[in-house]
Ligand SMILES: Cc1ncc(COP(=O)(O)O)c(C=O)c1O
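The form predicted on its own is given below as one chain in structure tokens.
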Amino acid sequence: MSDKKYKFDTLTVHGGLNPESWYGSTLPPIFQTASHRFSTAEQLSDVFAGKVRGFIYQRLRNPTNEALENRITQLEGGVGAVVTSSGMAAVHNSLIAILQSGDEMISGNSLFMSTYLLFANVFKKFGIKVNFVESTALEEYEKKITPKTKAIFVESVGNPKMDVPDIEKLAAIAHQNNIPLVVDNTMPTPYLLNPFKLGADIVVHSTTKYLSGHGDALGGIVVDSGNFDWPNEKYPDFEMFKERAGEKAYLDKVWREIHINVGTSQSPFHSYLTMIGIDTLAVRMKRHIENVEKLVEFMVNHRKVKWVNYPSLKESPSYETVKKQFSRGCCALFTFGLSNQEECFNFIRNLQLVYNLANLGDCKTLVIHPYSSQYVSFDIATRTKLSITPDLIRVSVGIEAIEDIIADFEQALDKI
């Protein structure tokens, strides 16, 4: 594409495409190969040495994956990206490239199950201390910052707590202390929220969710704004990467030090499917938001529903932050409560159209009872701390006809 500043909806369709290099193909070819041939030893040596850019081995780089990296970089407004095999790989790589044994980081406590376990259990084994704070309590972040703190991490919309941190204020706190802010932007997608415009430094996604949108392709991505300068006195191991890659020093470190050595490579086929999914991202997100707002309104007024948690509701503690940060809607996820776990199970059993499964961001409407599924191995105290209660059902609202979604929820509730 030219340097013209295209609108977001246009970039979802055209971003990352290079038909001139693909024999006119308007979709990225699937380069399903483990390695690439070179005509001379000198050529291969130059690519290995980084003198010229090229493709050597799929674990290092792949042209199909690169097309996806370029598209999401454009959508988020960053300087570059590294696509990974899953969203959890993206979360892991984004932070392990910054942290080492003896370091600390701060994380909001409103986290996806596996992210919490990674921080609470796995990082501890590597001598990295994660200090958890209430995600929306800015003063708690400030209190936890020490000379050892090297990163702050939050989800832009907490899953499934449904709270929304003030990213602009949190970025200011981080930068006053020479610390990068890493934001998991999976829930809103760049269509609804651009964390870089609010001061975030690094964005991660599970591309499996809304970016792919069809529940067919696993993947993740780390996107860098290029704005954090990685001061030598706090991040001395970044010096060689800054010399080599300049504003892309962080991405070079993620890729060269972690990604290719841990082996978190994305499948080219999954990148291809994700590119196709992103073609309709803007259209789908509009429909997701229209549907979730109507379903939430129905659920708020239903006599058997005890409570509804959606950040755009006026009674939500995050309502003012949502108004400040979002203009097109917040997300297509919400939670609601029934009287007890038995009622939740009966409701799910009664559903006819809606699927009960462990995913979100699909075109289809999905529900799950997190307490008895994703968090079933957590002790009760931890589940309570994470706001995972027996009466809670999480809903990922799809793009079906809203009349059919509401009718299915209504008949399932009526049978309780």
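Bear in mind that the values here come from a model prediction, so they are computed numbers and not experimental data. Residue positions are given as counts along the sequence shown, with the first one as 1.
Unshown form predicted together with the ligand; subsequent notes refer to it.
Choose from 200-208, 166-174, 263-271, 121-129 the stretch whose residues reach within 4.5 Å of the ligand in the model of the complex, heavy atoms counted. Looking at the other structure, the answer is 200-208.
Counting any non-hydrogen atom inside 4.5 Å, which residue from Phe336, Tyr191, Phe196, Phe112 sits next to the ligand in the model of the complex? That would be Phe112.
Pro180, Gly277, Gly87, Gly108: which sits within 4.5 Å of the ligand in the model of the complex by any heavy atom? Only one listed residue qualifies here, and that residue is Gly87.
With the partner left out of view, is Glu155 within 4.5 angstroms of the ligand in the model of the complex by any non-hydrogen atom? Residue-level check for Glu155: yes, a contact with the ligand.
Although the partner isn't part of this model, could you tell me whether Thr136 comes within 4.5 Å of the ligand in the model of the complex, counting any heavy atom of the residue? Thr136: no contact with the ligand in the model of the complex.
Hey, in the model of the complex, is Asp224 touching the ligand, heavy atoms inside 4.5 Å? No - in the model of the complex, heavy atoms of Asp224 and the ligand never come within 4.5 Å of each other.
Contact flag, Gly213 vs the ligand in the model of the complex, heavy atom cut 4.5 Å: Looking in the model of the complex, residue contacts with the ligand do not include Gly213, since no heavy atom lies within 4.5 Å.
Considering only 177-199, what residues come within 4.5 Å of the ligand in the model of the complex, judged by heavy atoms? Sequence-ordered list: Asp184, Thr186.
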